[in-house]
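Just one chain is shown here, as structure tokens, and it is the form predicted on its own.
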């Protein structure tokens, strides 16, 4: 719950009850719907969104930040710039001669920087929350190599203190929560707004496409090989994947022909991928395996949205560009297992210079709090190699590119009129280790202010415990 948003969640409950009383109706539940029945000529069409978002933006105010250096998230930069936020959207931005409203909350950004909210497309917050104990470990359904039927959102604990730490330390406004990588097909991901809420649906990004988490390489074959079952090799990984996709193609064909089918939650997810409605987020390290996955996607008619981790992406950057596949990478994590051995510090910069979609991601509850610094390390490595990459170009790795990879580039990822006002004001250049977020807005609502103790978020779980609200 947010301190300073006084009784925000309790007030929401009261308003909801008051609304029912005013209309003389009672809140409906899923069980109030009549059960659908199939007939020979009218097969059941299953609800594709049975757990819809209930997210409502926190209250916003007309806001101006002026005299600030702006990275727009798409590679543009404005010096001595200004931005206007209105009704949860970016209303306008421009240079020092821009006309500004006189009735707004005005912040002087002299010496400071303004960026779109940071997007992390690979997080396990909520599914592997803090405290890290077995009772809260809900990110890997490691009971079979294909568990496309599970949904990460059904494990997300909204009270995870990691969400608030990511907001105040890292400027994270949007994050994709993925199942783990024990399985070839680990289940559906969910995209969240990084706001306090009682339920995961209250954080769920409205209209965001689902993702399907897939994994290559060592993790699936180790987990299931150790259990004496398939897959235990990389060829076994591919075989299980291919057989599953073949089954999914046949299932989708029946749906497309209007034939009645028994409901199969895993096949529904895979049919959604084949229809282009669900995006593939594929854990994969080695260049040769990424190339094989691309061949498999051609065989069965789906598209990979992003390869995650991708420590050898630099070897196939031209192929990633050709296929329009993003690479979500770490700056310098490597060598912790064999498939992560052949990385280089210039990986991210090399992929970017080839013209492929380049992303910096976390996969870690601590690293998510400093993705700006991870991007800075990758940028420095590229410059040492002689690449001319500007700060504002590098911010695309945290801005428009991750927005594209999760299917939300029309809503977030850059500061453009009409887009959601997810904005971070940094107290210095965000590529400096000394810089921290000073203010964070989500949909135009001021969710964090380093200068206002009432605007420092604390989850209900933390209240009264040592370290409550600690943002160090």
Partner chain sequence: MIRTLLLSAAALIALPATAQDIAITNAKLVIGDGSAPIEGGTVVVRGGKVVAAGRGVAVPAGIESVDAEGRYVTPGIVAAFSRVGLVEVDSVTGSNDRSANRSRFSAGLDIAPALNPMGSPVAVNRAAGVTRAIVAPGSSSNLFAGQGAVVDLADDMDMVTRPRALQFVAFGEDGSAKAGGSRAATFLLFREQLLAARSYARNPATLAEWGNDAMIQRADAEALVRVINGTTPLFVRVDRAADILNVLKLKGEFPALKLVLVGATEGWLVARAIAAAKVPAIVSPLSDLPDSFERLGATQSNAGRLEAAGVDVSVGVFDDDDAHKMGYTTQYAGNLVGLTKLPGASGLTWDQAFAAITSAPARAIGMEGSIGSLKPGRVGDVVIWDHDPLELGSRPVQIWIDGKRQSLTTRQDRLRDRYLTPEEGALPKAYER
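Keep in mind the model is a prediction, meaning the values are calculated, not measured. Numbering follows the first chain given and starts at 1.
The discussion below concerns the form predicted together with its partner chain, not included here.
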{"item": "Contacting member of 367, 201, 244, 92, with respect to its partner chain in the predicted bound form [4.5 Å, heavy atom]", "value": "367"}
{"item": "Single option in 138, 264, 218, 74 placed near its partner chain in the predicted bound form, where near means a heavy atom within 4.5 Å", "value": "218"}
{"item": "One stretch from 397-405, 381-389, 179-187, 293-301 that, in the predicted bound form, holds residues within 4.5 Å of its partner chain by heavy atom", "value": "381-389"}
{"item": "Residue 239, heavy atom within 4.5 angstroms of its partner chain in the predicted bound form", "value": "no"}
{"item": "Any non-hydrogen atom of residue 318 within 4.5 angstroms of its partner chain in the predicted bound form", "value": "yes"}
{"item": "Interface membership of residue 427, its partner chain in the predicted bound form, 4.5 Å heavy atom rule", "value": "yes"}
{"item": "Proximity of residue 126 to its partner chain in the predicted bound form, heavy atoms at 4.5 Å", "value": "no"}
{"item": "Output flag, 49, 206 and 454 jointly within 4.5 Å of its partner chain in the predicted bound form, heavy atom basis", "value": "no"}
{"item": "Heavy atom contacts to its partner chain in the predicted bound form at 4.5 Å, residues of 241-262 in sequence order", "value": "none"}
